[in-house]
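Next up is one chain by itself, shown in structure tokens, the form predicted alone.
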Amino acid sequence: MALLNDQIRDQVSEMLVDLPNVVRLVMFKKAEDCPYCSIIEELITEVASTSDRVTVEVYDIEHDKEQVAAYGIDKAPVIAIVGAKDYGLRFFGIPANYEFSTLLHGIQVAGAGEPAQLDAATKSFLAGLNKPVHYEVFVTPTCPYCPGAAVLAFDMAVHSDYVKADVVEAGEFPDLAGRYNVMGVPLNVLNHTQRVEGRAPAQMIVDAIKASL
């Protein structure tokens, strides 16, 4: 049985019809201890089937070492959302429920090659970056506020070559969530040191990036 019904397929197709660039959904899975790997692969395959501008590649994190190194992958399951270039958009875990919209937004901005919602001040700050920023957003599929936080991270990564955005489904990566003491979502973590709780405005994230650098 298909994961996407006809109505959702039509909506997704309409959202992705005018992508300026082809987007590759590059998935890394693992053979053991990955209950959602097959579902994630099926989901992104169905999404790709709605648009000739979206393709899917699937690799094994244990065996496909060349691709693992090329995309800087250190855990699975993960989807790298790659447009005309690799903007550093990563979704770790299953993009289900509310997080399905995060996946679709990632495809749209990677395909466009420019952010959808950043204000001028944020763009100006990002244009002046000269040090790398690892921007992690912890989410869960049932959190209605999480996509807003994830979208901001993806937009910043598309706008700046120095920003790498990891959206992490906290329940699937309990060790990582425990390392940052994730008690609620969304939680934004900048360069492993600065925490911003909730769906924070861009200026709060900018301030946290400055503090992390």
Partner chain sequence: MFEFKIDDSGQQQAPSGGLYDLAIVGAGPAGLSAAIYASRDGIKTLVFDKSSAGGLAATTDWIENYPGFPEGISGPDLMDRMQKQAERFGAELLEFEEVTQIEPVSKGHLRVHTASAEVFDAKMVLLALGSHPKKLNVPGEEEYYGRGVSYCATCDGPLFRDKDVVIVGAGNSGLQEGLNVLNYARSVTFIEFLPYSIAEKILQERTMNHPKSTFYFNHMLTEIKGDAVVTGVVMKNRETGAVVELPCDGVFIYVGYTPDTRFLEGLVEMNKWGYIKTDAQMWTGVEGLMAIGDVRASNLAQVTVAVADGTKAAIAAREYLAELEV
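Predicted model only: the values in this text are computed from it and were never measured. Numbering follows the first chain given and starts at 1.
Below, we turn to the form predicted in complex with its partner chain, even though it does not appear here.
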Which pick from 129, 104, 73, 112 sits with a heavy atom within 4.5 Å of its partner chain in the predicted bound form?
104
Using a 4.5 Å cut on heavy atoms, which of 189, 12, 205, 25 is close to its partner chain in the predicted bound form?
12
Going by heavy atoms within 4.5 Å, which of 64 to 72, 25 to 33, 180 to 188, 157 to 165 lines up against its partner chain in the predicted bound form?
180 to 188
Is it the case in the predicted bound form that 80, 92 and 137 each bring at least one heavy atom within 4.5 Å of its partner chain?
no
Using 4.5 Å between non-hydrogen atoms, is residue 133 touching its partner chain in the predicted bound form?
no
Tell me, yes or no, whether residue 39 is in contact with its partner chain in the predicted bound form, where a contact means a heavy atom of each within 4.5 Å.
yes
Answer yes if any heavy atom of residue 142 is within 4.5 Å of a heavy atom of its partner chain in the predicted bound form; otherwise answer no.
yes
Is there any non-hydrogen atom of residue 3 lying within 4.5 Å of its partner chain in the predicted bound form?
yes
Taking only heavy atoms into account, state which residues of 193 to 213 are within 4.5 Å of its partner chain in the predicted bound form, ordered by sequence.
195, 197, 199
